[in-house]
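First structure 1, then structure 2: two forms of the same chain, each alone, as structure tokens.
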Structure 1
Amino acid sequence: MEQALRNYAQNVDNVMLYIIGISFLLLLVITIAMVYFVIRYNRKKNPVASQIEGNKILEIIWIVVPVALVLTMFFYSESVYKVARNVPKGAMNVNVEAKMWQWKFTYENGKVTDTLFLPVGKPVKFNIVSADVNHSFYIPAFRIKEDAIPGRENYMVIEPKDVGAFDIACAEYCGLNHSLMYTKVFVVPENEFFAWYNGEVDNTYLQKFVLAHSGGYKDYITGNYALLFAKGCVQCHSLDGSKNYGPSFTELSRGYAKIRSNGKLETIPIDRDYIARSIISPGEHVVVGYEKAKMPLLTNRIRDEELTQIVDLLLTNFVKKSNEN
């Protein structure tokens, strides 16, 4: 059972391929039959319509065979689904709370994070709840999701087998900023995870791990930008100058910003204070050309130390690099 849990994503893929294969086979048989009937019984060959008698054998075949195939799909799928419902002995519990539009993860020892960290090779049971509306806890790389419903606790079980960084998304439309409800799960070596979990290292250790292992996001993302992805910043602000809902981070290299404040146009320098206020109070200074795109408030989604880290990150990688050039 534990091996099946470890290979859960591959088993889900196999079920999907099995269903697609059967569906294609049925489509092929039906299409061939339709073409045959069109040719065999067209008006030229049959100018006078004739009564066709039933065929019990054929009728039994086209009822029994599809039903049998559908049942094999059902039982195959059900056998894989049950794997994520059986909680292995010694599984670690992580409470997952969904709230517009953020995730909160609470570990057995009371630690709370908004980015999920898991030890590789250890079964984990997620206890999933919602604080407001319907959400859905979805980890695409693990091929698994479970609804978060107000007033009810759901659960699912995984066992990560590879170290890396993987997306977490909300798979249920939950309001205006549903598309921003992203975070990450970092699967880390067991000894490193428990060094943090047991308090042997401080919280900055996790941030360093995020920076060091962020290559798991996508091939073109370097470790420097890991926190921007973990906090959903790149959902609206690109790293390469391409157009998006908000201004690209590359625009910081200008050294100044044309903004609209209280209806007045102003040009202000881009410095530490400007970047910090743009994150915490996005409606105070709105960059010209982006008035219609309202940035969500991040007060409950970002800690003071994370804000400092993001500001330093943007200053170092965009503003200061421009000044050096």
Structure 2
Amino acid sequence: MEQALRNYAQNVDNVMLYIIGISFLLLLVITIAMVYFVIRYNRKKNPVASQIEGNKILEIIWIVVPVALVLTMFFYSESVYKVARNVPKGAMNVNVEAKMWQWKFTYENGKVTDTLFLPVGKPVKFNIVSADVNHSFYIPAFRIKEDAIPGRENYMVIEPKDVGAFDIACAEYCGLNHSLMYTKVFVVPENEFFAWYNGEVDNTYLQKFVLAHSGGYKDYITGNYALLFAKGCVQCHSLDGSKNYGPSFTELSRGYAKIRSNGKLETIPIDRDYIARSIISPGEHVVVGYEKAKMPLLTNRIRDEELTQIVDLLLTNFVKKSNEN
């Protein structure tokens, strides 16, 4: 049973192969028969058709055989899937909260992350909830997903087999930035995981570990701006001045912002305080021209040190850049 969960992805692929294999054969038979008949019984070769009304035995065969075939598919698939619905004893619990358009993972000891870290070879039970609309927690490499539905808690079980980094996607349409709701799961050996879990090492340590021990992984979220990607900022605020739902970060380089505050137009200088307040209570000051799309509240989504990091990042990379020039 334990082995079965660990090899779940492989087993799903086997079911796929079984179904596709049989389907391919059926398709081949149908197509060959069809093409052969069309050629063989062409009007030139066969000017007079035989009026065959049917054949009871054939009809019975092609009802019974497909029924039998699909039943084997059903039971095979069912037996594989059952494993993924059975929560093993001692499984680690991770609460998954989906929200437009980011993920929040809460561990048993209260640790909160937006990237998922898991120990290799240990069963994990995800308790999946949504803070707003429907989402779906999907890890393609593990061949499994389960919807996050507001007002109810769904669950999903996996057991990571190998060290590595794998994509997590949202598979249920959830509005504007549905396609950007990606994050990653980093699977590391138990020792490393618990070192992290107990606060001895940080996220970056585990990410570097995976990079070094799994032959690398493709990460589209790299460089200085990792935090801006992880928190979903860049979904609406571009890094290069291009127009989006929120003002581009490059607009910070002006040093001042034209804003609307309680309906009044104002011009205020851009400083540490302005940036921090814009992140924590986005509704307070809205940059003129961007009133239409409201920025979502980040309540409980951003820790104090992360906020400081983001503000520093923006100050150094966008605000100060222009001052130097």
Partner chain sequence: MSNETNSATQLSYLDYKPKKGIWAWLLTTDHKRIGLLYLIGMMIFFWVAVGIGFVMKLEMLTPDQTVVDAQTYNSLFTLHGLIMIFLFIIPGLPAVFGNFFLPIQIGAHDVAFPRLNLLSWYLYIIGGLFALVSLHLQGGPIDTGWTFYVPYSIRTTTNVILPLLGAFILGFSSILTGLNFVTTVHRLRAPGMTFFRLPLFVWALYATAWIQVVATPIVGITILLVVIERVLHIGIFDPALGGDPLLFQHLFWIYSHPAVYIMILPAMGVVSEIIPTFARRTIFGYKVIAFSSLAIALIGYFVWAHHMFTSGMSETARFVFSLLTFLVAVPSGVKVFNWVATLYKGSIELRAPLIYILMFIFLFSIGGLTGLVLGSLATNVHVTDTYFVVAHFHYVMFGGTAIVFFAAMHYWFPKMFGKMYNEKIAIWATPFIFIGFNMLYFTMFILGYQGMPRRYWSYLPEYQELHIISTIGSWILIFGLVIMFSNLIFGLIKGRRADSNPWGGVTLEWQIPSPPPHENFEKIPVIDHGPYDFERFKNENKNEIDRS
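Counting starts at 1 and follows the sequence of structure 1. Since the structure is predicted, the reported quantities are computational estimates derived from the model, not experimental observations. Here, rigid core means the biggest group of C-alpha atoms that superpose within 1.5 Å across both forms.
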Sort out for me whether 1 or 2 is the form predicted on its own. 1
Rigid core fitted, is the C-alpha displacement of Arg254 between structures 1 and 2 2 Å or more? yes
For Tyr245, does the CA position differ by 2 Å or more between structures 1 and 2 when the superposition is done on the rigid core? yes
Taking the rigid core as the superposition reference, indicate whether the CA of Thr308 shifts 2 angstroms or more between structures 1 and 2. yes
By how many angstrom is the CA atom of Glu53 displaced between structures 1 and 2 after fitting on the core? 5.0
If you line up the core, how far does the Cα of Val29 move between structures 1 and 2, in Å? 2.9
